[in-house]
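One chain follows as structure tokens, the form predicted alone.
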């Protein structure tokens, strides 16, 4: 299969401003979920807007399924649907009215638009809310209404920019279930700063930092970038530790994390158990990989490479 999403040296510099995207290169199939993760201001939304034909790049090219996002923007818009981060359900409409009006705006007939409403609401588990005003719905259901709206368009490429921001854990989990259903026959370009969300949902993951794409691949491929397989976190202050192997992350307020080998993690665990130190030990997660690569720990601090013993 030929790559469906291809970016070549894609760059965006805002006038009199910083470099928002710096020579982004991506070549991946247009299937499943691609999650782009990064800190606030890393360039996630800028890249999304360029690929969704909402913003022109300063230089470089990008295509989706062979369609150029700049030179063939009109053609591409017929095949994509976009759920921006700032989207809100119109308060005085119902879910049925929201979806119908959107499809009419897209050029469908009233009969065709109406035929798509109930199947889409049923797929997302909100058919019972079809005639309830959006302002009466919970935050999670409102988000589902927005996803239902773009889904009903029939577009095979969906851009979803930080869809679960501000949602409670239950609503977020429900939306994860929905997105997992949708990815079976669609390509979803998802941006998020929730690393657990990307780990749970994504088939491919890109890590962006200060406008640069620092890693791209499946979760297992990203794990191979980090030569250490385990993470040990010290859950109390004032503990002195110098791992024999691995990377020691030192953050504010005494936060310490060691990314290391299985043998070294086992040795440290035995020491902490003996000393009564509270700690956690787990196989390396996407969160660990992210902070390893961007050199920024969970709490702002410095990262130290340490090969000595304690």
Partner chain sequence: MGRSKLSQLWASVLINAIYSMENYPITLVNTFMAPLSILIIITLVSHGTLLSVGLSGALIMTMVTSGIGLQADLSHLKNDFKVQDMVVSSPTSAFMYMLGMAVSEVIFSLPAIIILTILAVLFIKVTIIGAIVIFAVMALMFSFSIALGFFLSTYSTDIVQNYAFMGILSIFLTTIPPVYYPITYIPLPYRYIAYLSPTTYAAEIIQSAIGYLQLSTLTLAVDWAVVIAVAAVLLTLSIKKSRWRES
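Because the structure is a prediction, the values reported are computed rather than measured. Positions refer to the first chain, counted from 1.
One more form of this protein should be noted, the form predicted in complex with its partner chain, which is absent from this view; the next part is about it.
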Item to check | Contacting member of 52, 258, 36, 42, with respect to its partner chain in the predicted bound form [4.5 Å, heavy atom] | outcome: 52
Checklist entry - Only one of 138, 236, 101, 165 has a non-hydrogen atom within 4.5 angstroms of its partner chain in the predicted bound form; which is it? => result 101
Next on the checklist: How about residue 77 - does it come within 4.5 Å of its partner chain in the predicted bound form, if we only consider non-hydrogen atoms?
Outcome noted: yes
Next on the checklist: Even though the partner isn't displayed, in the predicted bound form is residue 64 close enough to its partner chain, meaning a heavy atom within 4.5 Å?
Outcome noted: no
Item to check | Close approach of residue 224 to its partner chain in the predicted bound form, 4.5 Å, heavy atom | outcome: no
Next on the checklist: With a cut-off of 4.5 Å between heavy atoms, is residue 69 one of the residues that contacts its partner chain in the predicted bound form?
Outcome noted: yes
Next on the checklist: Given a 4.5 Å cut-off on heavy atoms, tell me which of 189-197, 205-213, 118-126, 86-94 is the interface stretch with its partner chain in the predicted bound form.
Outcome noted: 86-94
Next on the checklist: Pick out the residues of 9-29 whose heavy atoms come within 4.5 Å of its partner chain in the predicted bound form.
Outcome noted: 12, 15
